[in-house]
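The chain that follows stands alone, in the form predicted on its own, written as structure tokens.
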Amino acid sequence: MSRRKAAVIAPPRDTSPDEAALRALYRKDPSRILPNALWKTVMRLQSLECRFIDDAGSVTGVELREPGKLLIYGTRTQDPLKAASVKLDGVPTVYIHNDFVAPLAPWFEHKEAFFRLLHTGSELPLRATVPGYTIREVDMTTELPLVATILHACYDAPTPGTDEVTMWTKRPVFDPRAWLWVIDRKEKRPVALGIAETDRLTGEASLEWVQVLPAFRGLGLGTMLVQELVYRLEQRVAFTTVAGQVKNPCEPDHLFRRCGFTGRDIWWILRR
């Protein structure tokens, strides 16, 4: 179903030349330029060395480096990576698009792939509903500890605690309308959680957490949650992004594609 998108109006803010150039480049092809939502890079841009890649007078890519520690390489072109431009000495971690990973992979022992998908909001599927379940916003005054509890219940690995979850609400991209529960009406408790961030300056929303408690998976609650988030966001942003592990047994990319996300971009994290 097509809907006319509202104009994305961002509040004025002073930006550095690097940030302005990166934002303009990112908007053209988000999934190829960075492995994550732009706001995450902007938050640490002052500590990064930023080099833009020029192709015949047009900026087509960017190389970001935290001296001796980190390198991100993203470009809109598919030209072979020029090894001379990427100094790997002393760099323990590299984030790089799948198109350029081959010449660097032998230098690193650990490799992990992540997908990057995009939703423009131009075609929205019918909102999914699941009998017995409803959606409501997280109560920011009382339910942040419960957010941390639900995240912990969905992962075997360590997850953010209440203090860190509270810090998320202090970010400039915090959007209380995009923190959602799926509520089990019978048990009167949350069984799934969705959190998105809204970067008004870029016109980007990013899905950060979409979690369903193990006992409630396979019921369609993830689809219900993602579609609700997309509907809430699409009138306020130009596009929505999401990233996730390629080798995830839950296959989250299938969920996002069912909800209208598209793309074939894969990013790699290479670690020594």
Ligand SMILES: CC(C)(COP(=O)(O)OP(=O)(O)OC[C@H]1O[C@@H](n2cnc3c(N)ncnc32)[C@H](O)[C@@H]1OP(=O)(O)O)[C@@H](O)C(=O)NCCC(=O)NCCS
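The first residue of the shown sequence is 1; numbering continues from there. In this text, all values refer to a predicted model and were calculated from it rather than measured experimentally.
Quick note: we don't show the form predicted in complex with the ligand, though the next part is all about it.
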Work out which of A243, V62, L38, L233 lies within 4.5 Å of the ligand in the predicted bound form, going by heavy atoms. A243
Residue within 4.5 Å of the ligand in the predicted bound form by heavy atom, from L88, I183, L118, C154, is C154
Candidate spot D54, G74 and R76, all three in 4.5 Å heavy atom range of the ligand in the predicted bound form? no
Looking in the predicted bound form, any heavy atom of L221 within 4.5 Å of the ligand? yes
Hey, in the predicted bound form, does V212 get a heavy atom within 4.5 angstroms of the ligand? yes
Even though the ligand is not shown here, does R258 get within 4.5 Å of it in the predicted bound form, heavy atoms only? yes
Could you confirm whether R264 comes within 4.5 Å of the ligand in the predicted bound form, counting heavy atoms only? no
Look at the stretches 38-46, 54-62, 213-221, 25-33 and give the one with heavy atoms within 4.5 Å of the ligand in the predicted bound form. 213-221
Contact check, 161-195 vs the ligand in the predicted bound form, heavy atom within 4.5 Å, ordered by sequence, gives none
